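So this first bit is one chain, no partners, the form predicted alone, shown in C-alpha cells.
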C-alpha cells in the first residue's frame, strides 16, 4: 500500500520511536536498581507466569469497583487485540498485496475462515475500546468522580496539583480514540463492494462515508502515526503501568502479609552500609521504587484507607503518585537534586506518616501489588532515628514499653494479677510444663474493661480441660505495634525478652487473645528463631466445642449479631472461619456487614493509633463501623438484642467507646465472642 518513500519514512519513524522507548525503559530500570536490596524472591519465573495469568484474566482488579473493573477489562482486551491488529496493519502497509479484507480475496490462498474471525474480533474490540475509553474520559472530565481527587490537606507534587494526571489521561484517551477511530475508518474505506458481515462497525461507517483509496491511505497513517508517538510517551507518563504492572505483580511480596521487611537490608551489596528506614526515595527497597512506576493511580487504596476516611492528610495513592513524579523529575527531567530531599517533604507529610493504622487494606486492594504501608513504616523508622517530634501519647507508650514491657505504665508483676484472683490455679508456664502457652497481651492483662473477658477465657479453657498456663511477669508486649510505629530497636528488645521467657517454658502451642500478638508471634518471631505453632483463642474454643469438651447447652436465639473482622486476625492472617463457625454453633441470628472478611474496615487502633494522646477530628473509623452495623441489622427483629461481636481486646475498647460517642447506647452492644460462648456453654464461675 505504501510507496517506497513512505516506507522509508515509516521505518525511520519506527526506529526513532523504538529508540525513545528503549531510553525510557532503560531509565526506569536504572532508577529501580538504585533502590535498596529487598527480601530475596524465590521461583521468580513461576511468579512471573502466575502474574501474567492474573493480568491476562484481570483477576486482581475486581477487589473493588466491580462495574468499572468490567469496563476496564473491555479496555484491556481491546488493547491486547490491537497489539495484533497493529502488526497486521504494518504488514498491510509494507507488503504489497497483503490485505485481510473480504475473507482474504486480496491475499491468495489465505485461510478465509481465520481471516473473517480476525476481522470480526478486531471490529468488535474496536467498538469495545471506544466505549470503554469514552466511559473513563466522561468519568474524569465530565462527571469528575471525586474518587479520582485528593483531599486539600494531602501533600501533592506541584505538577499533580497543576493537573498532570488529567493531562496524561487526556493524552492517552485522545490517542485511543484517534488510533482506533482511524483504524475503523481505514477498514470502512476499503469496503468498495459494500458491507461485510464480519466487520459490522466498519460496514456501518462505509454506509455513511463510502469507499476511498485516499481515505484508506490517510487513515492508515493517522492510526499508525499515533502509535509512533504514544509508545515512547507511555514510558514517561502515568501509563507506564501498562508495562510495569505485570512485572510488579510477579516480583511482589512473597513473605507473609504480617511480616515487615527488616529495617536494614539483610543483604549487603559490595560492603555498603545502610541506615535503618527510609529518608530519601532510594532508601526504599527496589521493589518499592518499582511500585511508583507500576501504580495505576486509580485511588482504590485511598478508598479503603481509614485515615483518609477520617479526613486525615494520608492518601496511600498520593504517596505512590508523588514518588512517581519525583522520580520522573529527577530521571527524565533536570532536577536530580530532588532525589536528596526527604520523603517527608516530597511524597508524604509527617502528619500523614503518623496517621496510618497499618491495617493493610491499601496493600490488599491494590491491583498491581503495591505496598504504600510498608513505605510509611520505613519512613517512621528513619523519623524516629532522626529525632522528629512525635505524639506525646506514642512517646509515653514507647517509654513504658521500654521500662515495663507494656504500654500501660503498669508494673511487670501486675500482669498476672487477674490470674491470682481466679477460683482455680492458673499455671505459670515458666515453672511447669503446659500444652498451651497462653500469651495474654497488654490490654487483656491490664485494662479493667477487658479483664472480665480475660477471666472468662480462663474459665472456659479450664472447663474444657485445656492444659494451659501463662508467663505472668515474664511476658512482655509482643512488639507488633512497636515495630509498626517504627521503633525497631525496642521491638527487638521485646522479642529478646519474650524469647528468653519462652526458653524457660515448656509448651507445645501458643494461644493468644490479641490478634496483634497472634500476628507478630506467628509471622515475625520466626525471623528471630521463634518458630512456634500459634493459634488465636477463637480457634482453640471452636476445637473444644467440636471435640465435645465444651457443650453448648443454651442456644442464643435471642441475639441478632454482626461480627467485626480484626485486621490482624482477618486480612493479615485469613482468620475468618473460626469466629463465624462459633457464632453458628451458638445459635445466634448472624448478619454480615457489607464490609467483611478481606474487605473489613479498620477500627482505627492499629499502628500505634490507640496510643495517640491527641485525637484527630472527624468521624472515627470505629464510629463509622458501628453505624454500618446498625444499617446492616435493618428494622427487623426488634425483639432480639443487637450485638456487635469482637475478638480483639483493642476492638472491645474502640467500639464500646464508639457506641457512646455515636449516641447508640441501648441500640447496640459491643461484646467479645467469649461472653457469648460462656453464656451458651453456661460456664461455671
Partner chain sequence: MNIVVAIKHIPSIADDLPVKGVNVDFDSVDFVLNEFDEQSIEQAVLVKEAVGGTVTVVGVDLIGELDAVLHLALAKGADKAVKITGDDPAADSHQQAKWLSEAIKGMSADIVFAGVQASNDLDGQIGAMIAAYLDMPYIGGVSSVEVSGNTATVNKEFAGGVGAKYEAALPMVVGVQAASKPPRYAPISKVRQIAQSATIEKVAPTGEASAGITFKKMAPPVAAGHAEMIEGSSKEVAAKIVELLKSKGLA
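What you are looking at is a predicted structure, and each value in this text was computed from that prediction instead of being measured. Residue numbers count along the first chain shown, from 1.
The same protein has a further form, the form predicted together with its partner chain, not shown here; the description that follows concerns it.
When its partner chain is considered in the predicted bound form, residue 222 lies well away from it, no heavy atom lying within 4.5 Å. Mapping the unseen interface onto this chain, residue 402 counts among the residues with a heavy atom inside 4.5 Å of its partner chain in the predicted bound form. At the 4.5 Å threshold, heavy atoms of residue 417 reach its partner chain in the predicted bound form. Proximity of residue 140 to its partner chain in the predicted bound form: non-hydrogen atoms within 4.5 Å are absent; the residue sits far from the partner.
The stretch in contact with its partner chain in the predicted bound form, judged by heavy atoms within 4.5 Å, is 485-493, chosen from 176-184, 485-493, 604-612, 235-243. Among 363, 71, 227, 384, the residue placing a heavy atom within 4.5 Å of its partner chain in the predicted bound form is 384. Only one of the listed residues (390, 155, 556, 374) places a non-hydrogen atom within 4.5 angstroms of its partner chain in the predicted bound form, and that residue is 390.
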